[in-house]
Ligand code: A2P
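Below sits a lone chain in structure tokens, taken as the form predicted alone.
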């Protein structure tokens, strides 16, 4: 008589190509290099993925959080995943095999989020409003009309950053500060496939760039070089060249964790560079409009750029009342001056930063180029430890309580 059948079943991790906006967050986050991509899709190597879930919380769209139960021998190879336009349906064969045998190796199933592999929070602040996500997708985008396109940086610099206002008219598009949207640029790539969406953080508060209007604003830098090569960014140039009245295709909104707290006694410690200022502007503007009498919440901003001429929103920032926001600017390429980065400015204000770190109402937001992340976390560690704070314990608490949010690219 034959013994029990042994069948290897895999809960295969897949990425939905319909929702994915190719932002590279998952590939950068994966600790075992199981995620890769080509010009079409981001995919997961079944033979490497260990189901640690580190890539799931940072994904802005939720495209990463997809699974199919398959026989291990029939796992979808990456070459096949690269060709997908949609995810395959769940087949019944592997599921039936699980039901019919009592000796199944299902040890590869993900068991939960390994928070220690993620450097920032995977949950929103407890008092944040509930966000809407993925209302519009690649297959069902909506449209918005350009009602404003203004250059923010001095024309004498090669840093061409624009403030772009998009109006959705009567089409519902609810957003919160800290969320992002995807823009679908017209045209196709070299292989004839339509361009994928590019992601941009929203720079306006939830009630609109103009209060009470169904519009959003974006902070977009024109890309003319990449890795030292001359190359025009497909979407950034498209957006920066838009005129009033032009219509753009939009998907989203995205993001369910990089959100601001709503309780009036919350403090915001905001650290950003360049166009990473977009969510900080949104949060600051929302708080400015809703300054509540008796509220004790503080705003502290560290904002870096190469020069003041290349700093978006420089004028409006310097005009904000000092009793409303504590603004600290850092410039790394001012002629005749030593290089100064946001982490240097943070160390100069170590006493005040430490005071915020000690307060359980403080929420920290970091947004900008990926290269700033290590320096900012190191500065927070040094400041904390210099003021009798156990950084490792505090760091774990900040992540667990939804009070440390990192969005770098």
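All of these numbers come straight from a predicted model, not from anything done at the bench. Numbering follows the first chain given and starts at 1.
Quick note: we don't show the form predicted in complex with the named molecule, though the next part is all about it.
Engineer: Hey, in the predicted complex, does residue 350 get a heavy atom within 4.5 angstroms of the named molecule?
Structural biologist: Outside the cut-off, so no.
Engineer: Classify residue 333 as contacting or not contacting the named molecule in the predicted complex by the rule of any non-hydrogen atom within 4.5 angstroms, answering yes or no.
Structural biologist: Contact with the named molecule, yes.
Engineer: According to a 4.5 angstroms non-hydrogen atom cut-off, is residue 342 in contact with the named molecule in the predicted complex?
Structural biologist: Contact check for residue 342: yes, within 4.5 Å of the named molecule in the predicted complex.
Engineer: Going by a heavy atom distance of 4.5 Å, is residue 310 a contact of the named molecule in the predicted complex?
Structural biologist: It does: once the named molecule is placed as it appears in the predicted complex, residue 310 has a heavy atom within 4.5 Å of it.
Engineer: Are 306, 369 and 372 jointly within 4.5 Å of the named molecule in the predicted complex, each by at least one heavy atom?
Structural biologist: Every residue of the candidate spot has a heavy atom within 4.5 Å of the named molecule in the predicted complex.
Engineer: Mind telling me which stretch in 202-210, 71-79, 273-281, 319-327 gets its heavy atoms within 4.5 Å of the named molecule in the predicted complex?
Structural biologist: Looking at the partner contacts, the answer comes out as 273-281.
Engineer: Tell me, out of 221, 195, 138, 119, which residue has a non-hydrogen atom within 4.5 angstroms of the named molecule in the predicted complex.
Structural biologist: By the 4.5 Å criterion, the partner-contacting residue is 221.
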